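In the form predicted on its own, a lone chain appears below as structure tokens.
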């Protein structure tokens, strides 16, 4: 790199590190790089995201039901960037030019379509793609028109408003409609947790004055195409979750493929029509379509960027990919699963590898460590498995212990962003809010 001479002092232009995507992995990486390099002015770090705030994605089902107020728990990118010595640019990635080491950001418009910010171009020396994933409807007719996805807080709030309207209508005219029908397509963690959280919502609304609303008024159908719900988890965890959902009143359908969706419900491959007033699609994930072969980089059928074990893309060592948008090979074959713990681990390895790349040192491979998985069934139960050095295989946990560990995972994410002192203060504020604020967001 060519230096410049200013005032008799030889200076070297700072490395420009751009991170696209402010999810769990991208934001944690930007925070660590800002604290390490931005604070000492050894590099200029820029985080890019289409939204202006961050919310931990595993919590979106709680925003959808009102158990969590994203207005309170969301994190402002601009404020966080200021506190951790990096810059934030709001925008959506549209293209990458690897020859000039630039990336294009689309213009930003208001709700009426008026342009707020023109399209822009950012230069980089090191680029990290951490875009995460979106729902995959597999081309099923009617899904985009009639189902709600839970990929971001905006969609979660949309579901929340539609849900409250349905419950309000039922409560006002209890004799006109026997039940409120909600269908959830996809038996992964999102679908399972949302199903249970809906019954907690009914319980809370009943206590707040929706007197005719109770469990008998709610009809939740969870549809899974595979042989069991939670297919990524051990069968015993899946069976335990299935049993708990059935106790709540959820109708769990496995081996059931949805072939078409319309305004009043969905058709299955077996010929059944399932009535639904509100439908959520959580059946699969993929990387946004515009990422297919972006910048001439190698991608797979899910539009994931193929990366080396060092998390560098296969065709450009100056571009890294982490999280759901990265297809990273795993020891023993296959690829690293698309989970929050994967994104967290990749962010840590990407951080050390970026430092190594800047210092001319050898980069180390990322090795996925499965610490188990937990699924929250709202206040009713939590089930999951833990894996670690103290046990061989996995250990099933449930109940209060599992719930404690589930909450601890979120606290670990907060610690990675804010440190122990601020996280402790946030926990204190959360405890106070549970006394001062209603348990359910009703607006």
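Positions refer to the first chain, counted from 1. Just so it is clear, the model here is predicted, and its values are computed rather than measured.
This next part talks about the form predicted in complex with a small molecule, which is not shown.
Visitor: Is it true that 137, 187 and 284 each have at least one non-hydrogen atom within 4.5 Å of the small molecule in the predicted complex?
Guide: Spot residues vs the small molecule: no contact at all.
Visitor: Using a 4.5 Å cut on heavy atoms, which of 329, 265, 91, 295 is close to the small molecule in the predicted complex?
Guide: Of the listed residues, the single hit is 91.
Visitor: Of the residues 77, 366, 199, 159, which one places a heavy atom within 4.5 Å of the small molecule in the predicted complex?
Guide: By the 4.5 Å criterion, the partner-contacting residue is 77.
Visitor: Which among 414-422, 65-73, 33-41, 48-56 is in contact with the small molecule in the predicted complex, heavy atoms within 4.5 angstroms?
Guide: Looking at the other structure, the answer is 48-56.
Visitor: Though only this chain appears here, would residue 150 touch the small molecule in the predicted complex if you measure heavy atom gaps against 4.5 Å?
Guide: Contact check for residue 150: yes, within 4.5 Å of the small molecule in the predicted complex.
Visitor: Whether residue 103 contacts the small molecule in the predicted complex should be assessed with a 4.5 Å heavy atom distance threshold; does it?
Guide: No, residue 103 sits far enough from the small molecule in the predicted complex that none of its heavy atoms falls within 4.5 Å.
Visitor: Indicate whether the small molecule has at least one heavy atom within 4.5 Å of a heavy atom of residue 181 in the predicted complex.
Guide: No, residue 181 stays farther than 4.5 Å from the small molecule in the predicted complex.
Visitor: Would you check, heavy atoms only and a 4.5 Å threshold, whether residue 17 touches the small molecule in the predicted complex?
Guide: Close contact is absent here: in the predicted complex, residue 17 is far from the small molecule, nothing within 4.5 Å, heavy atoms only.
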